[in-house]
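A single chain, nothing else alongside it, follows as structure tokens in the form predicted on its own.
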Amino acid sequence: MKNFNGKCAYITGGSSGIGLEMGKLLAAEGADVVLIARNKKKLDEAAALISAMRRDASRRVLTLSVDVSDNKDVVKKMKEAVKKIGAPDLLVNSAGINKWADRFENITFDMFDEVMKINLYGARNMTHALIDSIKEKKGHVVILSSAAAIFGMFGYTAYATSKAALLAFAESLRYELKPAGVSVTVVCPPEVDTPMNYDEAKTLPPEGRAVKSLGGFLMPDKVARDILDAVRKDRYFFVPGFSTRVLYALHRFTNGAITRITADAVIKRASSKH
């Protein structure tokens, strides 16, 4: 998808963070933007910001209050949306949480389940509900995974598991959709300055905080620009951030040995301080 002018983009997690920034960029390039999240107030605030970025006043910025973890809610509202708004040329699965970043023994079943339902099942539910209309338009599906899916991380047993599952989901989906003319892009960013960080900071152990700093820190507008560039180039797999790409290269080249040794040393040092 070289040009977004006149296209229709559905963005989950569109009320904040990377989703919000992608909405701004797409509106500025002439796309209709459909923001999807649970909080109606935040959606309205985000829509106002994005509306100010539109290329022209004819472009639409719409909101849908949807719980992506609730498949019945997703199916019902996506069916209505396609009828009223139109099918998406671009689906961005950006919704995610990480408010239960802690040692595994402190993660209850319900905590783990909530992360999986939103991060993994949310992408599954949205993609499945819209797959027929995306095929008709020969569109593009973007899936936000994480660098934690590649490396794993101290305190991330729930989050990293959900994001690693998205990698397998995206890989399998790519094989199925390519013959239909639909592209898939999966993105694995490091730490990004989003509201999710404030949730995880409440419980993330110091060892996890220390390891996380190895991957660098990016602003959401930079990641959003990188994602749209990856879509333009029809890239399947993309890791934003120079530091994270270096770590990824070392991880692959040494089969994880270098990154594990490094992380172990960082964890040992952080533990000794606490």
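So that there is no doubt, residue numbering starts at 1 and follows the sequence shown. Since this is a predicted model, take the numbers as computed values, not measurements.
Here the subject shifts to the form predicted together with a small molecule, a form of this protein not shown in this document.
Peer 1: I have Ile18, Ile97 and Met196 flagged as a candidate spot, so tell me whether each of them has a non-hydrogen atom within 4.5 Å of the small molecule in the predicted bound form.
Peer 2: Yes, each of Ile18, Ile97 and Met196 comes within 4.5 Å of the small molecule in the predicted bound form.
Peer 1: Whether Glu191 contacts the small molecule in the predicted bound form should be assessed with a 4.5 Å heavy atom distance threshold; does it?
Peer 2: Glu191 belongs to the contact set for the small molecule.
Peer 1: Gly14 versus the small molecule, in the predicted bound form: is there a non-hydrogen atom within 4.5 Å?
Peer 2: It does: once the small molecule is placed as it appears in the predicted bound form, Gly14 has a heavy atom within 4.5 Å of it.
Peer 1: So, Val33 and the small molecule: in the predicted bound form, are they within 4.5 Å at any heavy atom pair?
Peer 2: Answer no; every heavy atom of Val33 is more than 4.5 Å from the small molecule in the predicted bound form.
Peer 1: State yes or no: in the predicted bound form, is some non-hydrogen atom of Asp67 no more than 4.5 angstroms from a non-hydrogen atom of the small molecule?
Peer 2: Contact with the small molecule, yes.
Peer 1: Let me know the one among Arg55, Arg235, Arg38, Arg225 whose heavy atoms come within 4.5 Å of the small molecule in the predicted bound form, would you?
Peer 2: None of the others qualify; the residue that does is Arg38.
Peer 1: Given that the small molecule is left out here, which of Val184, Ala81, Ile118, Leu204 has a heavy atom within 4.5 Å of it in the predicted bound form?
Peer 2: Filtering the options by heavy-atom distance leaves Ile118.
Peer 1: Considering the small molecule in the predicted bound form, find the one stretch among 39-47, 25-33, 244-252, 55-63 with heavy atoms no farther than 4.5 Å from it.
Peer 2: Result for this chain: 39-47.
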